[in-house]
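Next up: the same protein chain in two forms, each one alone, written as structure tokens (structure 1, then structure 2).
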Structure 1
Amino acid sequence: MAKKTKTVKSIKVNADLCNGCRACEMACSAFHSEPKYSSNNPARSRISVIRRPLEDIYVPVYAGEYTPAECLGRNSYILDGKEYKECEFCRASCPSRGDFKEPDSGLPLKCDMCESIPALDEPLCVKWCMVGALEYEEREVEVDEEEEQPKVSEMELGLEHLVDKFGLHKVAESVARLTKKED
């Protein structure tokens, strides 16, 4: 089996350093607004700080892959004597919670590491984290070429969600109306 290398980008979170300032959320939501930096709505952020100020616990969690179904794992974790549900630290956008979903359309959000042209050195949440709780990492990993599955494009995923929510007829009408505007 042929092997190839792939660059994996990730953000390492050190919850012990996070002070709950939410600068990461603000930077992310401003970067992803349309047009860029025109507004600031943390509900559109691809990173969220789980806050428990009375217990002095702050955990940044960035958005991962969309999952069309709820997971079966309803595990609990105990940190500093307090019990937390697994969902609180989950990175997925799923049907059972409202986290990491576009507030207007309900479409799932996923961290894209602030990809842009020209490319940034690191995601803005990492850049604006003044306490060093977020650290950007890139590493090379070997993967089998045959094991890589084709990913569903973001557009297809969005269209599927819109069809589920509004029906195929309404989506087709909207696409036809938008097509006429471009002519």
Structure 2
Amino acid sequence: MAKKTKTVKSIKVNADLCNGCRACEMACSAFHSEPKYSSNNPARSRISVIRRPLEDIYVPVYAGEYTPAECLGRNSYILDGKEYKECEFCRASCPSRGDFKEPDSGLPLKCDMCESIPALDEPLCVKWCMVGALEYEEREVEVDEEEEQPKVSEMELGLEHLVDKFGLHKVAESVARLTKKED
């Protein structure tokens, strides 16, 4: 099978260094505003800081996959004497909560590592975290060419959510209607 190299981007979160300032949320939302940087709104961010100072809990969590259905369990963990709800750590844009969704439309949000052209030196949340709680790492790995999954675009992600909510048929109808309006 043909091999090719691929850059794996990752962000190492050192929650011990996080001071709960939420600069990362602000920066992420600004980067993804339209036009870029024109506005900011942490509620639209693809990183969310769980900040419970009285319990000394500070955990930056990145938005992951969209999920159409919520999990059954609601577990909690006690780590180092502090109680965390599993849901808080979860990266999914999930119907059970408001996190990782566009506040107006409810469309799911997902961290895209600030993919853009031209590429940034480092993701914007990392750049704005001046205390080093977020650390960017790049690794080259070899992967099988065929195995590489095509990337799901932001629009597709949104569509997927709409399809789950209204059914494929209805969405297709609406798209057709909108297309006509445009003409």
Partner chain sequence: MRYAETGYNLEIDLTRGSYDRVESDVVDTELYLGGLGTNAKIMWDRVPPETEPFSEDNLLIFSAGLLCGTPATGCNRTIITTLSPQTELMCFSMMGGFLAPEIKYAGYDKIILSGKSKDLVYIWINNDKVEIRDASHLKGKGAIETSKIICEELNEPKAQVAAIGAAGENRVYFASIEQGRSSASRGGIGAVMGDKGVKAIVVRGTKDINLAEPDRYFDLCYEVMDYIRFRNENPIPNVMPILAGLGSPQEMKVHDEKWHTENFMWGNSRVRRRDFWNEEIAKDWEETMNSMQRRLISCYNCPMTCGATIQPPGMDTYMMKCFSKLTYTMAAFSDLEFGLGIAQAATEHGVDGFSAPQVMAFALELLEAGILKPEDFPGLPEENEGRFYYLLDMIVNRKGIGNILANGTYWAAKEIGNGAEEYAHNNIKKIEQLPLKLGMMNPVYFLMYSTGEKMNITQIEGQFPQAPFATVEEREAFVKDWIQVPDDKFKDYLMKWEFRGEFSNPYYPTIDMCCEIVDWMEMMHYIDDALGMCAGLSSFPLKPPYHIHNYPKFIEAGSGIPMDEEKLTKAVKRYRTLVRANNIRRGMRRADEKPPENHWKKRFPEYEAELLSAYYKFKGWNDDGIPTEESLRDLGLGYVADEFLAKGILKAGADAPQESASE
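Under this definition, the rigid core comprises the largest set of C-alpha atoms superposing within 1.5 Å between the forms. By convention here, residues take numbers in order along the sequence of structure 1, the first being 1. Predicted model only: the values in this text are computed from it and were never measured.
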Exercise. For this pair of chain forms, which number matches the form predicted on its own?
Worked result: 1
Problem set entry | residue 162: Cα shift of 2 Å or greater between structures 1 and 2 (core-aligned) | yes
Exercise. Does residue 139 count as moved between structures 1 and 2, where moved means a C-alpha shift of 2 angstroms or more after fitting the rigid core?
Worked result: yes
Exercise. Quick one: once the rigid core is lined up, does residue 14 have its C-alpha move by 2 Å or more between structures 1 and 2?
Worked result: no
Problem set entry | Per-residue CA shift, residue 174 (Å; core superposed between structures 1 and 2) | 5.7
